[in-house]
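In structure tokens, one chain follows: the form predicted alone.
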Amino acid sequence: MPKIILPGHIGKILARLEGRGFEAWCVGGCVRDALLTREPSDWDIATAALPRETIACFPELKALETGIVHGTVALMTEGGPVEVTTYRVDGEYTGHRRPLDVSFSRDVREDLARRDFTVNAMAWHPARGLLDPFGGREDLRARLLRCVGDPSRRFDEDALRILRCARFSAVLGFRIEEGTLSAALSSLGLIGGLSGERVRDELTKLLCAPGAGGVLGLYPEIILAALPELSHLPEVSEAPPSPLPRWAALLRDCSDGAARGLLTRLRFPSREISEIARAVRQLPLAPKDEPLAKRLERAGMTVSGLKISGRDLLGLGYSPGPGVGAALESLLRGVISGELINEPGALLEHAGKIM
């Protein structure tokens, strides 16, 4: 396991809580990113301490209580704000978005069990190491997104998880596990009930991710369910990876009125709507229903750019014929989406799995 370097102010919080008799762990995305040797954007802590008990442990720090109803206290440390949340169990969900109530727990495993994906349901402590009850570390190795527990239930509880699934696929370069994808596609009707702001935020993060083009090509149904005004998804990989040009590229085939109407529904500020609409008008129209192979060729991405060739696949045991070409195209999709690294070893290993 990669060595996890804990920021000093995070270590102090863990030590103080545990010194007062309250178990505490680093949880969620920070653990995932650290195991991927990515720099975590923030460090979240989960603890057995109740919110008031957490505040009492840090009398010298200012504590923001805006999330205290759900068990979260933001401690203002020298390293910035740190969210400390009591282990919790969600009650019944309403509107396919939020639980009606939450109850606090003293068991971190109950807290991890309510999370969305296995790679986000791990906890780590500098002395106790990794706690991984749902196989998140193995899914990290496999570059796989898998729901915790029953995926249909996870998406029914919170429909935003469908878009988060696509977003994490683009950001991390992971493929979506078959059962999770099937449940997501069966639950697409729930997306219509999400607020415009939530849809906007998730899709903006997705569109700006390195694997955005691959995800739009692999899972168009998810994006189109969130943006039913679009009849198809154009190529966006040619746009600069900043939010407004990415949205402009996505809306490049829309009329000005349709684009403005969609952006208004997603609660974009008026200034940004005007900027995106102006950028749309400056983009050339993309051919509709262009085959994937042609779009890849137009973008300069072809199988000739792979670090292996058909001859390598024959040496691996492939039979001469169309299967070799299909395998190379599958590898190309993986490289474009970020699922695969364009290096001989990684490509051959994956080719062996799909042979």
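In case it trips you up, residue 1 is the first one in the sequence shown, and so on. Keep in mind that this is a model prediction, so the values were computed, not measured.
FYI, the form predicted together with adenosine-5'-triphosphate (ATP) isn't displayed, but the following is about it.
- Proximity of Asp44 to adenosine-5'-triphosphate (ATP) in the predicted bound form falls within the 4.5 Å heavy atom cutoff.
- A residue is said to contact a partner when one of its heavy atoms sits within 4.5 Å of a partner heavy atom; Arg260 fails this definition for adenosine-5'-triphosphate (ATP) in the predicted bound form, lying far away.
- Put simply, Ser187 is far from adenosine-5'-triphosphate (ATP) in the predicted bound form: not one heavy atom of it is within 4.5 Å.
- Contact annotation for Phe168: at least one heavy atom lies within 4.5 Å of adenosine-5'-triphosphate (ATP) in the predicted bound form.
- Partner proximity in the predicted bound form, defined as non-hydrogen atoms within 4.5 angstroms of adenosine-5'-triphosphate (ATP), places exactly one of 22-30, 66-74, 53-61, 311-319 at the interface: 22-30.
- Scanning Arg106, His125, Arg114, Arg267 against adenosine-5'-triphosphate (ATP) in the predicted bound form with a 4.5 Å heavy atom cut-off leaves one residue, Arg114.
- Among Asp139, Asp158, Glu235, Glu177, the residue placing a heavy atom within 4.5 Å of adenosine-5'-triphosphate (ATP) in the predicted bound form is Asp158.
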